[in-house]
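One chain comes next, on its own, written as structure tokens: the form predicted on its own.
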Amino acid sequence: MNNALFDVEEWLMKEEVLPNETKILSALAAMLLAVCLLNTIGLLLSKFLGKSGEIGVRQALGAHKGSLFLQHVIEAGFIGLLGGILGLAIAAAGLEGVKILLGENLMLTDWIHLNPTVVAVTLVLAVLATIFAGFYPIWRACSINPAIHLKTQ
């Protein structure tokens, strides 16, 4: 008797559960996520540096860098949450489209749905990725010397 134990990836390959294209599609999805995070960094940098005058005035009035940093981290997290919800709405619409294409009489349509675990992981990943991508723009905006902005106003 062959009682060999396989890890998940080995078992999936041995039983030919997933096609070979799965690794390519996973790599493409990871690259798309990287491009989206770089775009998020650029947009947040532009947004927070655009508010540098306000940040400088608040620092001059006595606001601590830590409280300004926390405020902008929460703002970035909220942006990530909204992006995750929008992504889930688009995914749900796409799944309904797939159900329509497959037809209601096929058994596969019962398997096509968003379960709560996928929804929770998606929202957590969206929030954490946006906060992580926002650390540099937030740090850059909060480290501005307030005297520069007070002289210009």
Partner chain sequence: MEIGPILRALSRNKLGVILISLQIAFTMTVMVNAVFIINERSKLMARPSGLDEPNTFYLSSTGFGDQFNSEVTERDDLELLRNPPGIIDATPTNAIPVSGSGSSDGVRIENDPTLPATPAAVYFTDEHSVNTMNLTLIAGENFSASDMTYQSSNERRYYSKAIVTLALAEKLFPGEGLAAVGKSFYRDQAPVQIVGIVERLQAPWPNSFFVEQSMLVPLNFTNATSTYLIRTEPGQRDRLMVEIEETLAGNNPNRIIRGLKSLQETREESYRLDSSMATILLVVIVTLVFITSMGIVGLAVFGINRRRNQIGTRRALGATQLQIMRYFMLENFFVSGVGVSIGAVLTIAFSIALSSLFEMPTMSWYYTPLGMLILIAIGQLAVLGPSARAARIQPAIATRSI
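Source: prediction; values computed, not measured. Positions refer to the first chain, counted from 1.
The following text describes the form predicted in complex with the partner chain, which does not appear among the structures shown.
Undergrad: Can you pick the one in L45, L70, L88, I112 that has a heavy atom within 4.5 Å of the partner chain in the predicted complex?
TA: Going through each option in turn, the one that passes is L45.
Undergrad: Select from the listed residues A92, L102, L123, V57 the one whose heavy atoms reach within 4.5 Å of the partner chain in the predicted complex.
TA: Contact check passes for L102.
Undergrad: Name the stretch: of 114-122, 80-88, 33-41, 60-68, exactly one has residues whose heavy atoms fall within 4.5 Å of the partner chain in the predicted complex.
TA: Looking at the other structure, the answer is 33-41.
Undergrad: Decide whether S143 counts as a contact residue for the partner chain in the predicted complex under a heavy atom distance cut-off of 4.5 Å.
TA: Contact with the partner chain, no.
Undergrad: Although the partner chain is absent from this view, report whether E21 comes within 4.5 Å of it in the predicted complex, heavy atoms only.
TA: Contact check for E21: yes, within 4.5 Å of the partner chain in the predicted complex.
Undergrad: Check L128 for me: does it contact the partner chain in the predicted complex (non-hydrogen atoms, 4.5 angstroms)?
TA: Judged by the heavy-atom cut-off of 4.5 Å, L128 is well away from the partner chain in the predicted complex.
Undergrad: Using the partner position in the predicted complex, report whether Y136 sits within 4.5 Å of the partner chain, counting heavy atoms only.
TA: Y136 belongs to the contact set for the partner chain.
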